[in-house]
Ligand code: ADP
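The form predicted on its own is given below as one chain in structure tokens.
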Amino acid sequence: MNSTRTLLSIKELEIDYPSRDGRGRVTAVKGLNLELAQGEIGCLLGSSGCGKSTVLRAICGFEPVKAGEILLRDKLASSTTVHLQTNQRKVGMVFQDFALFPHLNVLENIAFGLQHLPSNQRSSVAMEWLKRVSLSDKSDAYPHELSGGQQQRVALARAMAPEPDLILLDEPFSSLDIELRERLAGEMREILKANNITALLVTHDQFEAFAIADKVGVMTDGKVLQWDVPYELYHKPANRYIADFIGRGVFVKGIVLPGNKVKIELGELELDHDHSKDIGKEIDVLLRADDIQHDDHSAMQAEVVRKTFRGADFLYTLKLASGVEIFAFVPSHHDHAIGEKIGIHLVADHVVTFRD
């Protein structure tokens, strides 16, 4: 199989629904474009209400489209004139609450989606998928006897067992403890990759998105603003919204200097792009928490105004002499008090800037 073949293609998708007062319609998704290749994992990342779950429902066939097209393996699944039924799309779904049947054991839950197979094959196929998610010893257990992470793997095995072309995951980690999410996202990625499964998930958590996805689309107001690999989203955001949404950072004012540099309150930085036409002009410079380093010997001082303990480090909110607040990750053995001043210096080696 050609791994570069496009499996899912969405072109200029628009979806609307009746407004609450019944007097009109509200646009949930507009002008959305994305592609996923066979074996690729994609993610729609955005805050609640941005339209990401609506996209999943449309891919499944639960939502009609107002404009645009959804193609699965180059076959038209949804348009203004075509609407394949859900059972004709070869799409699997993992829901937020996993939707396991409480009265069926783990093996029976997985076998439930295999009604197309002869009865004597269902159990053996279900057991094979249990092995693939490392739960073969839990075949007789019931959902309430499993941890959240185990339930998630059962739900994933059940979705994968009928061997769909595409797996859709709707906020798959939202019901789990925060400390488990990133680890389980990594486990899910390994399972999907090991089985060459193409998947698209939606989440509001960028750490989940980065831990599992090959491509991420940042969504707001029904649009994908940038569909890219996580590295590019972080280091080359297409606009201010993405720069602000991805990572923990703030914009500070800077003046462009000769030699393609910019001067900010913390010092001078090398610019990545040619700003020779902007010398003397003011631009906004994005400073993220990992651009600032704690340094007891630095003459540059900042006041600790807030701090969040994260285990290996603190996330400090620091106030500069001008009153501007910035973020910094500081190793947790440097436990400074609120109101204390600490030394810092710039370590940014990739500068994201925007003009007003």
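Start at 1 with the first residue shown and count on from there. Please read these numbers as outputs of a predicted model, since none were measured by experiment.
Another form, the form predicted in complex with the ligand, is not on view; read the next lines as being about it.
Residue contact check for Pro18: one or more of its heavy atoms lie within 4.5 Å of the ligand in the model of the complex. Taking the partner from the other structure, the ligand in the model of the complex has a heavy atom within 4.5 Å of a heavy atom of Gly49.
In the model of the complex, the ligand sits within 4.5 Å of a heavy atom of Ser53. Proximity of Arg57 to the ligand in the model of the complex: non-hydrogen atoms within 4.5 Å are present. Of the listed positions (Ile70, Val330, Ala28, Ala302), a single one reaches within 4.5 angstroms of the ligand by any non-hydrogen atom in the model of the complex, namely Ala28. Comment: 40-48 is the region of 285-293, 316-324, 40-48, 302-310 lying near the ligand in the model of the complex, near meaning a non-hydrogen atom within 4.5 Å.
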